[in-house]
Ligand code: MF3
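One chain is shown next in structure tokens, namely the form predicted alone.
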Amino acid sequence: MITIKSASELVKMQAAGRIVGETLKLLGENVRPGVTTAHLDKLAHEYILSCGAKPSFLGYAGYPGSVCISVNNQVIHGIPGKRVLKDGDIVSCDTGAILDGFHGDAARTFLCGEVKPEIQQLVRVTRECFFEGLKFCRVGYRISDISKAVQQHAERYGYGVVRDYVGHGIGREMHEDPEVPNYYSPRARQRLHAGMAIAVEPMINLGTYQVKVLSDGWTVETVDGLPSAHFENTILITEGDPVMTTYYEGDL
């Protein structure tokens, strides 16, 4: 069931989202060769707690980290650990925070050192896909309008749009209705109304859209081993312009 948030609840969502945006900024400042993914997770965990919030991801369905950190051909849900980042990697960080009962959720793909131009383009286009979808995050449009915009932009470049994982509603729960696919689906006919909150999150692959889950039960990789990028914000639907609660100054 889709929940419509009150004005006071939307204010709380903005506060939670601000922490997530600040956390991503911190992560981006620390993505560099020689750093472990566990170190990034520790930085995020400590920062979220210092803001009086709790990491949304930690313990969610048993997930062991505060950030999903996915490198190169890992799409989402990479588990932080001993992996050392290398020059030329791309690093997708997806994190969330809960404050006063409401969640924020966002992701970015960061460049680590000198990254090949064609992979830089993948990261840039994935960001652009989000903003193409954002144009339709307004009262009266349908979820499918967002989805179609994301897919069309990605496929102009010949990229694969992940089908197995999608965006979602968000609020008191990290994952709520409705689902927000990154590809056109005639089933995604829900119209947007003021007070809805959604997470739009293009997951775009350099090659095929097909993915697989590794034996750890979490990490999702591209089937063909080619890189993937991820860009996500929590968005509040208003009577006017959409509000991105998790966007931060100086973003990519």
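Quick note: we count residues from 1 along the sequence shown, nothing fancier. Computed from a predicted structure; not experimentally measured.
One more form of this protein should be noted, the form predicted together with the ligand, which is absent from this view; the next part is about it.
- Listed stretches are 149-157, 166-174, 82-90, 120-128; the contact stretch with the ligand in the predicted complex is 166-174, by a heavy atom cutoff of 4.5 Å.
- Taking the partner from the other structure, the ligand in the predicted complex has a heavy atom within 4.5 Å of a heavy atom of W218.
- At a distance threshold of 4.5 angstroms between non-hydrogen atoms, E201 is in contact with the ligand in the predicted complex.
- In the predicted complex, no heavy atom of A44 sits within 4.5 Å of the ligand.
- Contact annotation: Y60 falls within 4.5 Å of the ligand in the predicted complex, judged by heavy atom distances.
- Of the listed positions (M196, C68, L40, I48), a single one reaches within 4.5 angstroms of the ligand by any non-hydrogen atom in the predicted complex, namely C68.
- Residues from 84-98 that approach the ligand in the predicted complex with a non-hydrogen atom within 4.5 Å are limited to D94.
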